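Listed next as structure tokens is one chain, alone, in the form predicted on its own.
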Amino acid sequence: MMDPILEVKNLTKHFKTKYGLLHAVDGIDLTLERGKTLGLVGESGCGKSTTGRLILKLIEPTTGQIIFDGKDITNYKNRAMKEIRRDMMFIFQDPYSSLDPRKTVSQIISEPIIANNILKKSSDIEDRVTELMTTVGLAERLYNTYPHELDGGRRQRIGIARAIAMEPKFIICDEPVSALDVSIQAQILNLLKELQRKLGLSYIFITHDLSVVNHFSDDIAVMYLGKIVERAPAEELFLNPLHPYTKALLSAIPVPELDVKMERILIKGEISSPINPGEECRFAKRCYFCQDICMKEPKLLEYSPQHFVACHRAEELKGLEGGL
């Protein structure tokens, strides 16, 4: 039986520009089960990070509903959100710019503890910071060092320690490994998995790297120009992608075998403008399978159990390999 910690319904964010309304996020629906990971993937500018900030109400949605841990927080203001935010945290993409360069490791990690009056005695705060550093794999000798003295992996561990300091239930990871070396990426991903197992955390994992999200996520939602175009369990999505955009993304994953012939699906054509978009499918101008029916925006429909696709021709594309 499903136990959702987060439900997002028809979430929308439009920004006013001098040219019209920019549809950054346009009516998306997401559900995250407690203790699970939902991967949110798509190319840069598709609205992934904006979605994360909307869910945490760091920016206010234009329309839609956000239900967290059984509470409708859509219209919560600052005072009410302060309590909720103890259970909702954010890990940022850049492990350097997200840290205050004027503060030491211990000061950065202790900041949420002090701000929320969780602990008051300095000795208790020091013990808690040391415990958190051990949990994320930071040596105690780094207690009084500054971010510029550390490498990217250690900086990101500081960000993770800060995120779990309040013992949250839910964390949004906004491309937490994209700025790190490949060898360090694996360490950080393993750390996040271990923390999920120990602390019962639920994650939304935002990334553009499908090879990463496949091993890290239970479910995957593919986003394109503010819309969810496909959503399915991770294994199902990789075995049976139905949307042309998802197929193209999967074909771009490198295979580390010399005797495997790579069949890339090249996406051509002009990207639709997110400002005052028309009624057609957002991917229509770049889709090889576009037909007249695609001039009407498709709905996100369930084509098989837990596998949702927004494509008029999804049934025809079942089992089709490459050829786009």
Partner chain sequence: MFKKKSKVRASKKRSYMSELWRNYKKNPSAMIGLIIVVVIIIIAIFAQITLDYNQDIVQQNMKERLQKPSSEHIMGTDQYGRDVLVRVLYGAKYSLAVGIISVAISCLIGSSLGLIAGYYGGVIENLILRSTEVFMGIPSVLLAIAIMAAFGQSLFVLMLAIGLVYVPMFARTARAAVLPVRDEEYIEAARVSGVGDLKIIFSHILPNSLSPIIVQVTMGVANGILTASHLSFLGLGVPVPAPEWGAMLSGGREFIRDYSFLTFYPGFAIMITVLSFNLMGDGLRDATDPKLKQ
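Numbering follows the first chain given and starts at 1. Bear in mind that the values here come from a model prediction, so they are computed numbers and not experimental data.
Heads up, the form predicted together with its partner chain isn't pictured, but that's what we're talking about next.
Shown alone here, residue 106 lies within 4.5 Å of its partner chain in the predicted complex, counting heavy atoms only. Not displayed here, its partner chain is approached by residue 53 to within 4.5 Å at the level of heavy atoms in the predicted complex.
Residue contact check for residue 224: none of its heavy atoms lie within 4.5 Å of its partner chain in the predicted complex. For residue 203, no non-hydrogen atom is located within 4.5 Å of its partner chain in the predicted complex, even though that partner is not displayed. Residues placing heavy atoms within 4.5 Å of its partner chain in the predicted complex fall in a single listed stretch, namely 144 to 152, out of 192 to 200, 67 to 75, 225 to 233, 144 to 152. For the candidate spot formed by 82, 102 and 127, every residue has a non-hydrogen atom within 4.5 angstroms of its partner chain in the predicted complex.
Contacts of stretch 160 to 179 with its partner chain in the predicted complex, defined by any heavy atom lying within 4.5 Å, are made by 162 alone.
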